[in-house]
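Only one chain is given next, in structure tokens, and it is the form predicted on its own.
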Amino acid sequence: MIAPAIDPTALKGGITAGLQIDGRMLSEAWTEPAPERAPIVDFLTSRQGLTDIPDLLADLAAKGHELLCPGSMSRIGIGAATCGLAAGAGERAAVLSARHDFANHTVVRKVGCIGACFCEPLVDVRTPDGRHYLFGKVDKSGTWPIIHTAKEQRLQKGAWLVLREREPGFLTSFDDLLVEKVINHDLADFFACQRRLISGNCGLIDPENLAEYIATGGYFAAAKALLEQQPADLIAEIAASGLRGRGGGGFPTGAKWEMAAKTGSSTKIVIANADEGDPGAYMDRTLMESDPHRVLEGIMLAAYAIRVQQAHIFIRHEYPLAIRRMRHAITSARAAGLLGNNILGSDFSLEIGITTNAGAFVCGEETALLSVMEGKRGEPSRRPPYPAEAGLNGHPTVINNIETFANVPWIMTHGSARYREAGTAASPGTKIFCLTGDVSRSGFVEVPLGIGVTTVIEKIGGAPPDPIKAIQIGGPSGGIVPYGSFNLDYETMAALGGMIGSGGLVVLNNACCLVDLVQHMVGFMADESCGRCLICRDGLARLEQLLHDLTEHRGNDATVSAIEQLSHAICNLSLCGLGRSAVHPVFTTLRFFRQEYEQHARGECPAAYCSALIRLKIVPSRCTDNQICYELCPQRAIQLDPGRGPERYRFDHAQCTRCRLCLDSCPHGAIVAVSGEDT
């Protein structure tokens, strides 16, 4: 019997060492043993189901793993996205990077945003035993505990949270970390209900280092697709996942890709829409700043699925750091052979370019976006045909937003069935929300669709339930709905008259005047109207004026009726989504908070906010007679009678302009605003 003799190293690298006949070795034609691959490479290859792994990815994964989990050294990761840099992360990074005594035992890296914007600057110290010490709100005095933790490799005073890697030295996502010790509950509570499928690298890897992304499994899905799958396989997997566009419309991504793939055109295009213009929404920016290669890989997979060789990223110019990191990522990927001709030795080629936009809100609408890229004015056009049928310069064009593309590598790595384990049947997967407003823990959160809104706002955001009146969701063209026990998914929000939109989530407490807020939102949309539709251009401006009349005590019941009628006209007659959705805040507040409009018509502001409808008064029981209000009042509206004690203070309401300087300055809350009926 003749059989190959298998060298033990073949189990690791795969070589045949000689020949045996009836158990006797006849030759010893030994070949050089294959070099051992890093365990992380074997894991990533196995997870992806790759039959072979390109040397390029294997080498970069091993190198990136050494950077992420240095064997004998501590690693300090400083959150250096826009939120961190605004809070002083740049200064902290400069101080720590300049320490000569870190040589040979500590490395300092700039990472992205982990999401906890409320405690920036945030610093992660990883020690060689696989523990991560998170320090929040790191100011100048807070750097010493970080230095000592890195040098002594044990917990020092000042850390907020201690995490440990499930398997020390193994880190491919946030899911590989377990909470070991909670010192400050804010961080632990913030992360407790999140499910970080696509933001798992954010705040852990250096966004400007290609090898670190590959060490988490990056570009393995692309390698699997290009080397072992057909384009139709990708479309089928994305369709099976139920992924819906995260830019606002929620259109099924697989159906859009299939529509473009079926066209007979030889030239097709993919565009990543990063024109994120909603005030309070920054999920696309954070992904681009913190994990740009995930975005590129998602675009690459879409391009391969639709058989596209040209892709563009459309970014507004207000995102300079995101633009810089996306450009750096494109350059790195091209230099490594992950973009350009014959990627990874396949017959697939792709080039990705960046187009910066001036920042008009309407240009986030896909037909207006296409007009800009064709060198025209940013105005929407009528559909059909849809861009997937005839888009940029008449070619079939698939447009998805950044978050949608960021989902694709995860789905292709873990499969559509696992993706559907999160979310609901009609709204599968996770969604990133930017949680702001009246919460103590604001930030970038990723949660399963269908999660209860109270979980997000109270457990993650840390808001007490009592003062919360409403939430504004989906940006200025979303909706304002009463706070309650509903779920965050596409169907529920549509039933409430709002929409998830791009994912802005603003919490509003009882001190917020909804009529005043709606006025500002309508004003924003009026300013951003492209002017093509008369009803949108002039109608929104007139609607803003009517709302302003209510807040200035110039309105009546007829004003409320006019607001409602004009809103219906704008919604029904506008050409594009900007005009049709601009009145969502009006509709939702009229539906749920109509009494606030009616109270304004009677000269009352229930939130005691609108200056023309309120008065300020002193609460004697809280006053300590410190005279701050008297000294600061620019109008001398606060009078001081002879004597001592709170009784000598009184307001001259004819002089008072309700600037609120006294109210905001009193340390004891002794001055309050009351609506007209309470004066």
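As the structure is a prediction and not an experimental result, all values here were calculated from the model. Quick note: we count residues from 1 along the sequence shown, nothing fancier.
What comes next is about the form predicted in complex with a small molecule, which does not appear here.
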Quick one: of N209, N273, T589, S567, which gets a non-hydrogen atom within 4.5 angstroms of the small molecule in the predicted complex? N273
To verify the annotation, which of these, R285, H584, R246, R92, has a non-hydrogen atom within 4.5 Å of the small molecule in the predicted complex? R246
Stretch in contact in the predicted complex with the small molecule, which is absent here, among 275-283, 131-139, 68-76, 414-422 (heavy atoms within 4.5 Å): 275-283
Could you tell me if K256 has a non-hydrogen atom within 4.5 Å of the small molecule in the predicted complex? yes
Is there a heavy atom of G452 lying 4.5 Å or less from a heavy atom of the small molecule in the predicted complex? no
Taking the small molecule as it sits in the predicted complex, is E366 near enough to touch it, meaning that at least one heavy atom pair lies within 4.5 angstroms? yes
Could you confirm whether T172 comes within 4.5 Å of the small molecule in the predicted complex, counting heavy atoms only? no
Let me test this: is every residue among I399, T404 and L578 within 4.5 Å of the small molecule in the predicted complex, going by heavy atom positions? yes
